[in-house]
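Consider the single chain below, provided in structure tokens and representing the form predicted alone.
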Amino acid sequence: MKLAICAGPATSGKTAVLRHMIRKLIGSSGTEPRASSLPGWRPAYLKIDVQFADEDEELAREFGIPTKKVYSGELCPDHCSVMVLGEALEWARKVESNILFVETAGLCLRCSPYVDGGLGIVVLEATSGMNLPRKIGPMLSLADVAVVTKIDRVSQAEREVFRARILDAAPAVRVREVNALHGIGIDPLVDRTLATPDVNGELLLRGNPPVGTCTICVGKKNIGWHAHFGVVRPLEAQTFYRGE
């Protein structure tokens, strides 16, 4: 089973990128592959979002592949991914898929949804501002591939600056510019996914989870750090631990 986890800010084009990758694997639509499809690959798709998603239904109708979605609700989507990913791989195997695409909302900019042994893809839109790569932390710095979408909406100079900012934040990441609307530039992403080793044994989260346990996490609504315990942060000081 190959695993590719795709994260990125909302509206960046994650589903559009995965749609074209799936199309390359199995053909244009339905369960009957075209001559241009890659034989032997049976993808499955898992969508993790907070409170609404219908991308799983769209891809199921378009390609006839197994799909599933999970709402994280009060959990961060990346935390939810940690909770359900093991069972998701078991589900993908039961439906006889051999490659699982996971799309996560990735709303917590202090977390990373990627796991050792799988492929980590972050999708960023070129129109989101030159400083975006500096703001999203481990979602970018721990990814294997950074996919830049909406490249037709900015100038060549802006594209070069955006690419440079990505490499400033994550020097080892591979940058791929694509037109996710028409599927231009998707082939290298498919090749990289298929070159990823199968996941085996216990999965481990890539990187360290953030330290942020506090009374806010358990529902206390009072404003001001003096009302809270655990890891707190005043305005004019660094984060510190305040015990009971």
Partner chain sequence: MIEEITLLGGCGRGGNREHVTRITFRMGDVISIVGPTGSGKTTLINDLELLADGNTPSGRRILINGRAPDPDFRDDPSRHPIALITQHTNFLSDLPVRDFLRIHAEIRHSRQHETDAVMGETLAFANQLTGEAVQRDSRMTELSGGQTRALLIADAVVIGNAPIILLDEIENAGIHRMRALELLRQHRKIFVFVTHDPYIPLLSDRRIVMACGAMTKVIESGAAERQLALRVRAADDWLARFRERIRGGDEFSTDDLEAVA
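Positions refer to the first chain, counted from 1. Please read all numbers here as calculations on a predicted model, not as lab measurements.
The next section is about a form of this same protein that is not shown, the form predicted in complex with its partner chain.
Trainee: Which residue, A164, V95, M83, A172, is the contact with its partner chain in the model of the complex, using a 4.5 Å heavy atom cutoff?
Mentor: Among A164, V95, M83, A172, a heavy atom within 4.5 Å of its partner chain in the model of the complex occurs only for A164.
Trainee: Sort through A88, V154, L132, C76 and report the residue having a heavy atom within 4.5 Å of its partner chain in the model of the complex.
Mentor: Going through each option in turn, the one that passes is V154.
Trainee: Please identify, from 164 to 172, 98 to 106, 136 to 144, 114 to 122, the stretch that has a heavy atom within 4.5 Å of its partner chain in the model of the complex.
Mentor: Of the options given, it is 164 to 172.
Trainee: So in the model of the complex, does any heavy atom of C217 sit within 4.5 Å of its partner chain?
Mentor: Residue-level check for C217: no, no contact with its partner chain.
Trainee: Do R192 and its partner chain come within 4.5 Å of each other in the model of the complex, heavy atoms counted?
Mentor: Flag for R192 set to no.
Trainee: Would H182 sit within 4.5 Å of its partner chain in the model of the complex, counting heavy atoms only?
Mentor: Contact with its partner chain, yes.
Trainee: Please tell me whether any heavy atom belonging to R110 falls inside 4.5 Å of a heavy atom of its partner chain, as the geometry stands in the model of the complex.
Mentor: Outside the cut-off, so no.
Trainee: At 4.5 Å, heavy atom to heavy atom, what parts of 44 to 70 sit next to its partner chain in the model of the complex? List them in sequence order, or say none.
Mentor: Heavy-atom contacts within 4.5 Å come from no residue here.
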